[in-house]
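Below you'll find only one chain, the form predicted alone, shown as structure tokens.
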Amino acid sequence: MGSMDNTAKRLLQRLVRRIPSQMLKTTLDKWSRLTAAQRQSMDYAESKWALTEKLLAICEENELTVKHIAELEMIHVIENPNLGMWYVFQLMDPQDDAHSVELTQFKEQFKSHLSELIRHVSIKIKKHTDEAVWIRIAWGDTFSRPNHLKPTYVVHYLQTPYVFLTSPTSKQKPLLSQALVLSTRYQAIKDANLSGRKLTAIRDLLMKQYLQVFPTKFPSPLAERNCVVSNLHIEKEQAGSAANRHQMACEAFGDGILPQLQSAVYKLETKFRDHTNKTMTERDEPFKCVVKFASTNLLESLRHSASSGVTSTPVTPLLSSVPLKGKNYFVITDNGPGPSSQMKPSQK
């Protein structure tokens, strides 16, 4: 009978603790490492402690290693993509053959490039049903084995320039960037200035998988559907402006169910302008501050505030840039001399 090492045991314990009991059965069923009899012997009504002990004993019996437990973790993360913090990077300048890169070629290239760059690394690649390529990387270094307790997850849809990843360290990021650029046949990669806790939301925002509304000169079905007029004599004018506000709000942010972003951050690096405060106005260095908008569904909140008249319409480009540019992190700088309103959202 084999003996699981401490890392494998800790990874399994952490996984069982993290996965709700009612979800554990379906997760284990998708894992091919237990026999039918072993799966049936699990009693999911038991406590998490008892379930963990039982599963540890089965894994010991099957002589499973940390790589096998990492497969189980990967199944759980793929099935629950909205649990961590995701950051978006964008591939730049595709080479002529970038569009023809397929899964087998990408897998071989990525593994070989990353293994050349770092001596101890463990890479697992799996294609999901929605065409996403999922990569799990456990990082080591010249002297230490890969740390499976702190993996980086990378999601890439082949034939798109977008890469979604959980936070790698500053040491790992250039290695990962280089391996991705080489294996996708692009020439560079940049921070897309978009992040969020829901992978599905930031993916839908970038790939425009939500109902967009475009400006029209004709009476809008949107306005007709959403504008209920109870007293034509009193409310005719109000209804017209309300319908107009709603139309503009939907043109800026979309209609229907919107991608669930949690925040937008604006970092201001501008000149301080106030003729009553010479000390601040005459400073050479820019005035710096950070403004953060946060909500359980930011785009929905912004759309509602514009539609209801809380914020003015047409919607300021500072806010409409979130869905338009697919970003939620902006650095705002002065657009040359002139009033402070002359500012532009510029990329970090």
Partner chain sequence: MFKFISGFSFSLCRYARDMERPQNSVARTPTDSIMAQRRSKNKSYRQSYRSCLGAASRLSHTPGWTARRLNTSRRTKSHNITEKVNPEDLALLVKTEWQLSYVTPLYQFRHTQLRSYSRQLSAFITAEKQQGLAVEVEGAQTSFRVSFSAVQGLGETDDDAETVLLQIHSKPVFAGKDEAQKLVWSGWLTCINGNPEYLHLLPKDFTCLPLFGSRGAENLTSLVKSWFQQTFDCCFGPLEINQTCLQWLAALWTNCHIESSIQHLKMIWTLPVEPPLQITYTVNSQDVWELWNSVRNPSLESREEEEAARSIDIEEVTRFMQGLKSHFYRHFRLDLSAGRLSQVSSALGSAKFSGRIKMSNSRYVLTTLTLLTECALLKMPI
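Positions refer to the first chain, counted from 1. Quantities reported herein were computed from a predicted structural model and do not represent experimental measurements. We call the rigid core the largest set of C-alpha positions that still match within 1.5 Å between the two forms.
In what follows, reference is made to the form predicted together with its partner chain, a form of this protein that is not presented.
The partner is absent here; in the model of the complex, the one residue of 107, 76, 120, 273 having a heavy atom within 4.5 Å of its partner chain is 273. Screening 295, 62, 38, 65 for any heavy atom within 4.5 Å of its partner chain in the model of the complex leaves a single hit, 295. Taking non-hydrogen atoms only, residue 266 approaches its partner chain to within 4.5 angstroms in the model of the complex. For residue 304, a non-hydrogen atom is located within 4.5 Å of its partner chain in the model of the complex, even though that partner is not displayed. For residue 26, no non-hydrogen atom is located within 4.5 Å of its partner chain in the model of the complex, even though that partner is not displayed. For residue 319, a non-hydrogen atom is located within 4.5 Å of its partner chain in the model of the complex, even though that partner is not displayed. Heavy atoms within 4.5 Å of its partner chain in the model of the complex map, among the stretches 39-47, 53-61, 307-315, 26-34, onto 307-315 alone. For the stretch 143-175, the set of residues having any non-hydrogen atom within 4.5 angstroms of its partner chain in the model of the complex is empty.
Relative to the superposed core, residue 288 shifts its CA atom by 2 Å or more between this form and the one not shown.
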